[in-house]
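Next comes just one chain, in structure tokens: the form predicted on its own.
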């Protein structure tokens, strides 16, 4: 009976109901849109960064991440190379040999990061061939090198020139070799553009005298949501005394700190928004109580229980909150869907700053149903708390004075 009465009461003053429901719907729309764009932008940024080089996770020899020495290499055997087959969530396993070397040409030299890659696997993962601006991409058995444009400028070299590389190989072996420049590559990151040299995996193995060994295996996933599951399976499948598993969050703590800071600032903005909306809803509730004081007085004077009357008024507010939340979800879903397909694109200096770090300057919205439901739930909680005011007012209301008001 109380439920039915409360539902009917919200349509007695349609104007008040529509104003309150509209303010709640606006709150849900704004909050859901902000969270969707923020989450989508960070998901896109993380996806860009991990596919730019690191991968969602990496396999190393135990202790490698702290020392990053080629002496801590491990065998690229069937157990590691077949992980994409044995674990369904893994899309690719990309082997690499990474170490430093001194690159020299004529009387110029510069420290470099030499990366030995499987050209086919690496290209499928990072699209390295698309970064080639001059010359040609590597072949699996290539004896040439891809050199970053910035490094080529520092050494004053071009296509066809031969670089001399000097380093320390596996377990102290002398690493020295001459490598013709087969192609120049350009990286958006200035740091990478000044130091990167790519060799074929076989070429790097010969240079560092580390045949059959790699320093890291980058893991690409079918879905970013499967990261926790995948790392757990990897740790269970690989001997922890031999291997260490690092996900991108451990390898890039600065990025994660920036993400957390941005999320916190987003929550602060949402809190301010909810505070403004709360005052709007509370103002509507105050107006409703004032307008219905005479009605409440009559109902109490004829014997209606205060608790039942308070519950009826509370349910009225909840129904209006539900109505507004549903309208907000229905309006926000197509808007967020549109921006997930047609993301906001940055231009000018801001876009250039993003591109320098290999991140596409776009802000796509994340179409995640949990975003809409969580924002609607928060608004309903807020409305439920504010709806306690009429109950407290009714507990103190004097029927005689209410009817004289």
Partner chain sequence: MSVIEAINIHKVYNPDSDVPVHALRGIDLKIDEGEFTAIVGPSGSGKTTLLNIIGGLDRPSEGKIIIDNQDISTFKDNELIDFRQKNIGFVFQSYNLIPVLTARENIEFVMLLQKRTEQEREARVMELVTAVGLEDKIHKRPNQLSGGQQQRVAVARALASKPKFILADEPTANLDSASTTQLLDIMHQLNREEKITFIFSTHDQRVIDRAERVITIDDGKVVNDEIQN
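Take the two forms, find the largest set of C-alpha atoms that superpose within 1.5 Å, and that set is the rigid core. Only a predicted model underlies this, so the values are computations on that prediction, with no experimental measurement involved. Numbering follows the first chain given and starts at 1.
Although not depicted, the form predicted in complex with its partner chain is the subject of the following passage.
Look at 218 to 226, 287 to 295, 155 to 163, 131 to 139: in the predicted complex, residues with non-hydrogen atoms within 4.5 angstroms of its partner chain sit in 287 to 295.
Taken together, 4, 299 and 398 are fully in contact with its partner chain in the predicted complex: each brings a heavy atom within 4.5 Å. Residue-level contacts in the predicted complex: of 304, 322, 233, 256, one residue has a heavy atom within 4.5 Å of its partner chain, and it is 304. In the predicted complex, at least one heavy atom of residue 308 sits within 4.5 Å of a heavy atom of its partner chain. Contact check for residue 9: a heavy atom falls within 4.5 Å of its partner chain in the predicted complex. Taking a 4.5 Å heavy atom cutoff to its partner chain in the predicted complex, none of the residues in 154 to 188 make contact.
Relative to the superposed rigid core, residue 74 undergoes a CA displacement smaller than 2 Å between this form and the one not shown.
Taking the rigid core as fixed, one finds a CA shift for residue 248 smaller than 2 Å between this form and the one not shown.
Once the rigid core is used as the reference frame, the Cα position of residue 25 differs between this form and the one not shown by less than 2 Å.
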